[in-house]
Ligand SMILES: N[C@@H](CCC(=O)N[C@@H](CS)C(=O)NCC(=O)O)C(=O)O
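The chain that follows stands alone, in the form predicted alone, written as structure tokens.
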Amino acid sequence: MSIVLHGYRYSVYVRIARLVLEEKGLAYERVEVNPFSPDVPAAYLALHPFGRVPTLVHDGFAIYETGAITRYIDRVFPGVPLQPDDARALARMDQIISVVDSYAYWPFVRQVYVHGVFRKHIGGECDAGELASGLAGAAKVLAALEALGRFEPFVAGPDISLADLHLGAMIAYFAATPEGAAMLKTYPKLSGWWDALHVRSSFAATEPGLPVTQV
């Protein structure tokens, strides 16, 4: 069996796929692809015509789009199931993933993390307006997630699901900033969930470190 994950080390979406692979206990090969490079390899574009990351190749079967990848991994491989059997819990999982993609990624990662950590790391200037805008947007998202999640102890119910890993990868960047960490603590259910989730071995195994280019 061959599993190859193509992607950029610092991509939050690549980390989501890696978290799922780790939670399923799967061995896999990583191929580094920087989607921000002006010269994305032609071989990669043959797998993903839009040049984004990640892409999974399993025994010659290539699939891109993170949600499709994670659901495929969970359906095909043995190990702990990461999608609930209950229809309402599954719907809540799907809803939380959609909320994260639609409303959390930009304020959490591209505004709060980039302007709170990344630009400082490379000697650039933080855009205070972007950071403030990101924190304002994040507050609305966190409030919605605090209300949506079941936290029993995971966001969709008693067992870990794809929603935890999808949201967890985003929160990891957000909470890496002092402002994000402080805001998260004002949401007790989310904060308690994150305290328990981020110490799992899958998060340690996929820790990207501080990036040296865009996320």
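All residue numbers are counted from 1 along the displayed sequence. The model shown is predicted, which means the values in this text are computed figures rather than measured ones.
Separately, the form predicted together with this ligand exists; it is not shown, and the next lines address it.
Among Glu65, Glu146, Glu179, Asp159, the residue placing a heavy atom within 4.5 Å of this ligand in the predicted bound form is Glu65. The candidate spot formed by Pro107, Ala139 and Tyr187 is out of contact with this ligand in the predicted bound form: none of the three has a heavy atom within 4.5 Å.
Although the partner is absent here, Trp193 is not a contact residue: none of its heavy atoms lies within 4.5 angstroms of this ligand in the predicted bound form.
Proximity of Thr206 to this ligand in the predicted bound form: non-hydrogen atoms within 4.5 Å are absent; the residue sits far from the partner.
By the criterion of a heavy atom within 4.5 Å, Val12 is counted among the residues contacting this ligand in the predicted bound form. This ligand is not shown here, but in the predicted bound form it comes within 4.5 Å of a heavy atom of Arg52. Contact with this ligand, judged by heavy atoms within 4.5 Å in the predicted bound form, is confined among 22-30, 148-156, 179-187, 65-73 to 65-73.
No residues of 175-189 lie near this ligand in the predicted bound form, the criterion being any heavy atom within 4.5 Å.
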